[in-house]
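Okay, here we've got a single chain as structure tokens, the form predicted on its own, with questions on binding and movement later.
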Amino acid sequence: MLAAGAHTTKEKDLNAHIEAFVAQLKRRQIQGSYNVALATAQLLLRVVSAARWTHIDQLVTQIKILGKRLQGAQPRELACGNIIRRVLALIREESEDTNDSESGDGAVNSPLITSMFSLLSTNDEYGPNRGSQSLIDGSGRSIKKDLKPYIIEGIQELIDELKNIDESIASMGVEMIHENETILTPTPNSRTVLKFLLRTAQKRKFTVLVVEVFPNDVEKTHEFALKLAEAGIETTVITDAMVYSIMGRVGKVILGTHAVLANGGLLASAGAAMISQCANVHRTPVVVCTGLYKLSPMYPFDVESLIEVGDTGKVLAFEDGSLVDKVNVVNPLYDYVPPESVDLCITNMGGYSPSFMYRLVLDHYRQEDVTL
């Protein structure tokens, strides 16, 4: 009775935690791709630790149901769905590798191990633990393989990857930025770009032009510029209208992203599409700094459904009643930047061409998990 009561209390606590997380997503109390991705991974760690299943398909179903609910709470926050799909791919890989390593006539004829977690696999028999999967060995005997520790370890490694992802990208800055080069960035809300520039400034001297990104990110722009100036970087804030006239002096355009799509296109701060096209006209390289947790298996078939719209009062104040009634005002928070406008994507695994993003999608996600 005590054990059953303990499980009931644990499930209630987990359900309450899920409800709170869903409410935070709906109310935008958790903002930013990194914060959402990290919180989602930590939630999945708790869910898998508390989950009970007798077959791996049951766990996959539970994770998919949870993922559909989280995505419904904030459909345009693609990082949440990306982490769900990464964990589902991890679970499927562990199951497949275990089946491969346990099949055959013995260790001599077992297939090549393809997962680091399978190195710890053994053929020992387990008790009827929750979170175990039934397997058949070469002699036809039924054995139990406890997958839960391996799945939990994989999710913990994903959390560690998220925490160290900006440092991995920032370490490549010295190779990207040259001495006395002028850099332009229209994404002052990107923590990845900030760390990228601060880390590079330790070994390179360069100038940064920060676009104001009116009207949504004006305050963040000045905070971003202040942090760069405090680090000894020569920094200038320019208006959006000055970009074309000054682009001829710019050595590189560095973008942060909200999401990277499977075709190599990306969602970035409003105005990024115009600036990237301007850079293309002047033959200025456009470099994107992004973690792989922002890589989505979705394609931009309907771009408008991916772009979130903000407060139109920042564009046209409601006090101007005579104008408000006569015009239709839209304030998009993000722009879609086509892959043709980007020259290089710097990720925590290295630099890739936008045309190679589809390959990374195939490596990190499963086709059956694209639609949750």
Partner chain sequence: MMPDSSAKASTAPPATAAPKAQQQKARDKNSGEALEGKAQRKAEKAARRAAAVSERGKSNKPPAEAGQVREKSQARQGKEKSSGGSITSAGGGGSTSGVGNITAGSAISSLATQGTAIHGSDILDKRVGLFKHLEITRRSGTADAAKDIHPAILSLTLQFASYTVIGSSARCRATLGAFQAVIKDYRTPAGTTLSRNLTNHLSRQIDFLKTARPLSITMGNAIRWLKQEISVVSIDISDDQARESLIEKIETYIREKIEVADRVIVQSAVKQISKGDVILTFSRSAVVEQVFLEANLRGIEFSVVVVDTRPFFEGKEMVRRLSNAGLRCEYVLISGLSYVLNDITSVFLGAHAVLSNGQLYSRVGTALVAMSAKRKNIPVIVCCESIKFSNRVQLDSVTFNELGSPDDLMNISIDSAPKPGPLKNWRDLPNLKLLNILYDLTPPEYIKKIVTEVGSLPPSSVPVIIREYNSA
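Fair warning: this is a prediction, and the values are worked out from it, not measured in the lab. Residue numbers count along the first chain shown, from 1.
What comes next is about the form predicted in complex with its partner chain, which is not displayed.
Discussion item. At 4.5 Å between heavy atoms, only one of the stretches 192 to 200, 179 to 187, 77 to 85, 163 to 171 reaches its partner chain in the predicted complex; which one is it?
Written reply: Stretch 179 to 187 is the one.
Fill in: Option touching its partner chain, based on a heavy atom within 4.5 Å in the predicted complex, out of Leu147, Ala270, Ala259, Leu90
Of the candidates Leu147, Ala270, Ala259, Leu90, Ala270 is the one lying within 4.5 Å of its partner chain in the predicted complex.
Fill in: in the predicted complex, the residue from Glu230, Glu96, Glu157, Asp302 that sits within 4.5 Å of its partner chain by heavy atoms
For this set of options, the contacting one is Glu230.
Worksheet item: Using 4.5 Å between non-hydrogen atoms, is Val327 touching its partner chain in the predicted complex?
Response: Taking the distances in the predicted complex, the answer for Val327 is yes, it comes within 4.5 Å of its partner chain.
Worksheet item: Taking heavy atoms only, is Val315 within 4.5 angstroms of its partner chain in the predicted complex?
Response: Yes.
Worksheet entry | Partner contact for Pro285 in the predicted complex: its partner chain, 4.5 angstroms, heavy atom | Pro285: no contact with its partner chain in the predicted complex.
Discussion item. Residue-level question: is Glu175 within 4.5 Å of its partner chain in the predicted complex, judged on heavy atoms?
Written reply: Contact with its partner chain, no.
Discussion item. Checking a candidate spot here: are Ala39, Pro297 and Ser353 all in contact with its partner chain in the predicted complex (at least one heavy atom each within 4.5 Å)?
Written reply: None of them does, since no heavy atom lies within 4.5 Å of the partner.
Practice prompt. Determine the residues of 239 to 273 with a heavy atom within 4.5 Å of its partner chain in the predicted complex and present them in sequence order; the list may be empty.
Written response: Stretch hits, in order: Thr239, Asp240, Ala241, Met242, Val243, Tyr244, Ser245, Ile246, Arg249, Ala270, Gly271, Ala273.
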